[in-house]
Ligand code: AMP
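Listed next as structure tokens is one chain, alone, in the form predicted alone.
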Amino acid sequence: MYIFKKVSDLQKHLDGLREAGKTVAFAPTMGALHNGHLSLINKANEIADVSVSSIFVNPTQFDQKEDLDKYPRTVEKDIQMLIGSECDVLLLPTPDEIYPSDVEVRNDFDFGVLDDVLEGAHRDGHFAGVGQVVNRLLEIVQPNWIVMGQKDYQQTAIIRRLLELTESKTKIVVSPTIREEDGLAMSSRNVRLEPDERKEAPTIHASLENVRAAYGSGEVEQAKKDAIAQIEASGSMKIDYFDIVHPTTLKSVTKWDEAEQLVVCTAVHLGKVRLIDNILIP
């Protein structure tokens, strides 16, 4: 695996590969890698000649400095995991490489309602930061595909809109959520859970699955209420939101047949850790 810390060196390397007719798939990360991230590398290797990843903890998408400071950083371990997954190229930049003083980095994207609901309603400025860094990374890497995980469903919707706004030639590929055996969605934040909290955490996915079981029968609102009650019954979790939404607009639905497919989304505080998850139904 080639590791580049300088944007110019990475671009020179990728230009040579493209001149040789190679296609490129890109899976950006913030490190603290787990099998969910590695599934993105596997998908990149499946669809393209060259797989590229990045490890960059982007400060502009954290609405709380404490969350930024506590975000796990395990670069040496991450590198070994990427090598094991046969990643071809890694960009490991400093903030000055991503946000150089002599380059104007756009952060004025209008994501409309996509930025007002769910995560956007609870994390002020988060998606502005996501759009800013992903657009910059895409300018640097210029991949044929960007590979992202379904666990961050709203983020995939934001990036799809970003690609439209910038008229990018890059296509987005969304890879399924990877879960632990007990259903908990894999996340870099899981390592911060206390043992008792880790035992409680699978309730989040179980509540989503109970909405799936209720799909098509009864009222949508009742299914939501039952799922919220299931999470709150633990006594240790605080819900930011739990909603059943349209897959494109992310607006709440009131009937099961408002779209061919719906998304059940939630964000839950468990101790000092905030976890998100979603499923597609049917």
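Numbering starts at 1 and follows the sequence shown. Nothing here was measured: the structure is a model prediction, and the numbers come from that model.
Keep in mind the form predicted in complex with the ligand is missing from the figure; the text below concerns it.
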Seminar exercise, completed: Only one of 44 to 52, 225 to 233, 244 to 252, 23 to 31 sits within 4.5 Å of the ligand in the predicted bound form by heavy atom distance, namely 23 to 31
Problem set entry | Joint contact, 71, 148 and 155 to the ligand in the predicted bound form, by non-hydrogen atom at 4.5 Å | yes
Exercise. Residue 107 near the ligand in the predicted bound form, any heavy atom under 4.5 Å?
Worked result: no
For this session: Tell me, yes or no, whether residue 176 is in contact with the ligand in the predicted bound form, where a contact means a heavy atom of each within 4.5 Å.
Result: yes
For this session: Evaluate residue 60 for contact with the ligand in the predicted bound form, applying a 4.5 angstroms cut-off between non-hydrogen atoms, and reply yes or no.
Result: no
Exercise. Are any of the heavy atoms in residue 186 no more than 4.5 Å from a heavy atom of the ligand in the predicted bound form?
Worked result: yes
